[in-house]
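Before any questions on binding or motion, here is one chain by itself as structure tokens, the form predicted on its own.
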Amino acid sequence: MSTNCTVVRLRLPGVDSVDDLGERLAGHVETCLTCQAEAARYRTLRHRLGGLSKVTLRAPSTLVPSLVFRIEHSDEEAASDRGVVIRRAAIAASAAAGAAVAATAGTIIVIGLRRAHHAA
């Protein structure tokens, strides 16, 4: 991949068309199949995203009551979440301690094997 290809890849997301890359990079895209494919992907993406403006989405009727309920009960959830975080931290600390013990035991075994090998 050439330097021009790298620059094209970095700049393509921020332009509306290859012509907006400037004369030198637009000329490169004309001759580089990799950059042409990349430009085609961005054209397709822009076309599909442009079509989304015609789509009308309706929120479900339960959305507002659900949000109000969550806001009103957020303190209870936060307290519950803290308990989960504490349990996860305890599990992580236990796992780290176990790993440290295993590493220490492994080191002791390796040192013992080396000493036995050198003594023989």
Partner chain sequence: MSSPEVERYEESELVERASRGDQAAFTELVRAHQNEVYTLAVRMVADRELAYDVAQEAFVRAWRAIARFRGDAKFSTWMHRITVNTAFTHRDRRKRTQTDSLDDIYREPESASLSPERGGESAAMRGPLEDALKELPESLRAVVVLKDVYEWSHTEIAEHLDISVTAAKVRLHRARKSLRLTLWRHQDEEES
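In this text, all values refer to a predicted model and were calculated from it rather than measured experimentally. Positions refer to the first chain, counted from 1.
There is also a form predicted together with its partner chain; it is not shown, and the following applies to it.
Participant: Would residue 72 count as a contact of its partner chain in the model of the complex, using a 4.5 angstroms cut-off between non-hydrogen atoms?
Facilitator: Residue-level check for residue 72: yes, a contact with its partner chain.
Participant: Indicate whether residue 33 is a 4.5 Å heavy atom neighbour of its partner chain in the model of the complex.
Facilitator: Result no; residue 33 lies far from its partner chain in the model of the complex.
Participant: Evaluate residue 19 for contact with its partner chain in the model of the complex, applying a 4.5 angstroms cut-off between non-hydrogen atoms, and reply yes or no.
Facilitator: Contact with its partner chain, no.
Participant: Can you name the residues of 44-67 that have a heavy atom within 4.5 Å of its partner chain in the model of the complex?
Facilitator: Heavy-atom contacts within 4.5 Å come from 44, 45, 46, 48, 49, 50, 52, 53, 55, 56, 57, 58, 59, 60, 61, 62, 63, 64, 66, 67.
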